[in-house]
Each structure stands twice: as structure tokens, then as C-alpha cells.
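There is one chain below, alone, in C-alpha cells, taken in the form predicted alone.
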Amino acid sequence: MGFLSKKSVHATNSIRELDGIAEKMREGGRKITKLNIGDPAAYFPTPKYIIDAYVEALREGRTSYSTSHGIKELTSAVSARYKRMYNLDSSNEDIMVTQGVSEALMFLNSALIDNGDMAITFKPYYPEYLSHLKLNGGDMLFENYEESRGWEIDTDRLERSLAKMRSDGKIKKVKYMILANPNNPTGTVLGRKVLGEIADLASEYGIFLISDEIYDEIIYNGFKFTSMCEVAKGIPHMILNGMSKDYDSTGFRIGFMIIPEDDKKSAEFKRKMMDYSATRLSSNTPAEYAAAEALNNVAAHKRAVGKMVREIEDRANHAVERLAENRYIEVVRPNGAFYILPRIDLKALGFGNDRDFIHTVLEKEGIQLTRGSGFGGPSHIRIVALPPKEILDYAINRLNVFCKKRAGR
């Protein structure tokens, strides 16, 4: 018997898997351009009013443990934001503060999943959805975003799949269905009609619904965001969100979950999430006070996020245009978040898989990408469109030239 548990094999992160190689190359004097990490704070300084609130909390000595499920100032601010933006009525008892959405995923899977239990998500998906499920002994049932339809979800197909799960007896083991809107890694923004149909299906089949909305204000190209809470009223569901993306505060590690309904499932789940919050004592106390100020200072936030989103829109659209110049790449334009998931013609370029492709691009060109197979999208790569356009131009130009040379080898 080995020292490590068998389930520890699932503690992986494809987004960072080339970090060690890239760092050694950098130490050896190579220029490395990173297009793999979705960290807005690395390119857009966290707004000063949020930093000031953090410093003030430190100066006032707010450095002890806080309430396990979050200070009231923050849970009230979260409630007010969702009322203001989505007309959601929620109380402090409906909201739990976590150390990023990552901890929320850890909590919910530990609370809901026993060996052999199942969940449903949609390919391409955020890798941590699978990791935390597997770490707790669960299995994922995959549905799909339809690339040919602009990474849309076909709800008729979903309904047929759920009906088959019911006839096969699998539906009894399904504990939840999770989706990201906007999506990481495709940048897709699902519309109200599709979201409503998904919510209705979850209700019909008795599936707890989870919507990860961490990018809900990073919307562009004329698209409008609909929160799941707007279409799932009366249906057991949970919203995941936090300060990392919209509020440009990734390193603060403040996330939150909202469980707004009062049905038996939701009430039981809320109580257990309170228990899990207590197991790690509390989140980052001064960061919680800074987050409360960030949520409450609506005018300052609108100025900051508006400027950031306009720049992200410009950078993402520019990156798509440059990628479209490459005959070996097919790309769907994102309308939210800051990710692009191009399809690579690996056969024409002489690669067996996307893992070999990103390794070679890093080695030959010094460009660090992420393989699409880590998101359930083989033959794709994920590109983060956060860097300034001159950096994106440099990286994509090298990528395009690399593909051209490789195809003519």
C-alpha cells in the first residue's frame, strides 16, 4: 500500500501544469509570455478604494478570527448587491463567505458526495469542478456546450439525456448539476431562455442546481447577463460568486455562496455549510471588511469595472481577430469573462494531442498556454486575453508563425 491515498491523484490543476517548466526556462534567461492564468489583478491594479479599505481594517486591528460564515457587514452587502442587480431577496443566513469559490467547491462536494454519487456538468468545464468531485469519490456525467452553435447548450438534448438517466436509474445518484455562466474556458454567456429551461429541467428531475457566476459583470459585445436566481425562483439552487474577477481582487481569496430557497434540501444544505465554515474557523478577516466596502461603494465600483470591461472587450476581440488569421485555428468569439478556446488542427500540424502542442509552443516560442483537454475540450487551447494588446500581438504572432512553419515542415 502506498503512502498517498488513491484519491489524491485527482488533486491536479491543468492550468498550472507547465508552471515549473516555464519558471526553469525563465531562470535560464528565456522570455516567457504567460497566457494561461486568468488573473485580472496582474494586469489591472485592484481599485484604490478597495486597497484603502483593507489597510483601514488592518489599522483598526481587525485581524482576529471573524464569524465562521462571514461578517455581517459582508453578508449584508452581498444580499444588497443581489437585490440591487437581480431582485433577489436573501438573508444573512442564506449567504456563506468562503476563501474563494474554490473553497465553496470543496465544501459542497464534501457535504453532498459519497462514493458512487454523481454530478452533471457541461463540457468544456472549469477543471476544479471535476477535481473536487473526484476527491470525494464522485463521478461526473458530462453534457456539452455545442461548439457549432457558438458554445450554446442544447436543452432538448439535455432533456433527452436526463430522461435516459432516469430510465437507467442513474438520476437517483445525481446530487447536483453545475454550470458556469459566463463560462470558463469559452467565454460563453447563456441567455435567459436557455437558463430558464435548464432550471425547469433541474426542477423536473429533482436535481440541485449550482450556478457559478464569478464573471457576472464582465460582459461585452452587447450581451446581457441573467443570473440563475432570476429564473430559478422556487427551485432549489445555489449561486457561487466572489471578489476575484468583477472586483479585481484575486489574491484576497474572498468568495461566497448564496442558497436563497427554503425547501428541505436547501435548508439542510445551509445548515451543513455553516458546519463546514466552522471547520476552518474563518475567512481572511481584513479582506472581508475590504470586500464589504467594495460591494457597498457602488459608484466607485461601476467606474472601476466599467473601465476594466471596456479594455477586456477590446483585448479579447483583438485577440480573436489575430487568431482568425491562422488557417490552422478555428475560434468562437467570447462575450464574457476573458478566455478564448480556439480549436487547433492538430493533425495538419503533426501533433497527436493538445498536451504535446502546448509543450512544444512553450519550448520553441516561450508562450505558455493551457490545453483544452484539461477543460474537457481536447484539440483546443485556452488563451487568456487579459494582457495588453502589444503582448497579445507578440504572443499570437509567434503562435501563428509557429503553426505556419510547423505545417510546412
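The first residue of the shown sequence is 1; numbering continues from there. Computed from a predicted model, the values in this text were never measured in an experiment.
Missing here is the form predicted in complex with a small molecule; even so, the following discussion is about that form.
Chemist: Spell it out for me: taking the small molecule in the predicted complex, does every residue among 82, 86 and 247 have a heavy atom no farther than 4.5 Å from it?
Modeler: No residue of the spot touches the small molecule in the predicted complex.
Chemist: Please pick, from 176, 289, 129, 145, the one residue with any non-hydrogen atom lying within 4.5 angstroms of the small molecule in the predicted complex.
Modeler: Of 176, 289, 129, 145, the residue with a heavy atom within 4.5 Å of the small molecule in the predicted complex is 129.
Chemist: Between 123, 315, 272, 253, only one gets a heavy atom within 4.5 angstroms of the small molecule in the predicted complex; which residue is that?
Modeler: Only one option qualifies, and that one is 253.
Chemist: In terms of non-hydrogen atoms within 4.5 angstroms, which of the given stretches 292-300, 132-140, 148-156, 101-109 touches the small molecule in the predicted complex?
Modeler: Contact-bearing stretch, as computed: 101-109.
Chemist: Within a 4.5 Å heavy atom cut-off, is residue 186 in contact with the small molecule in the predicted complex?
Modeler: So residue 186 does not count as contacting the small molecule.
Chemist: In the predicted complex, does residue 225 have a heavy atom within 4.5 Å of the small molecule?
Modeler: Close contact is absent here: in the predicted complex, residue 225 is far from the small molecule, nothing within 4.5 Å, heavy atoms only.
Chemist: Just checking whether residue 180 would be counted as a contact of the small molecule in the predicted complex - the rule being heavy atoms within 4.5 angstroms.
Modeler: Flag for residue 180 set to yes.
Chemist: Though only this chain appears here, would residue 214 touch the small molecule in the predicted complex if you measure heavy atom gaps against 4.5 Å?
Modeler: Yes, contact at 4.5 Å.
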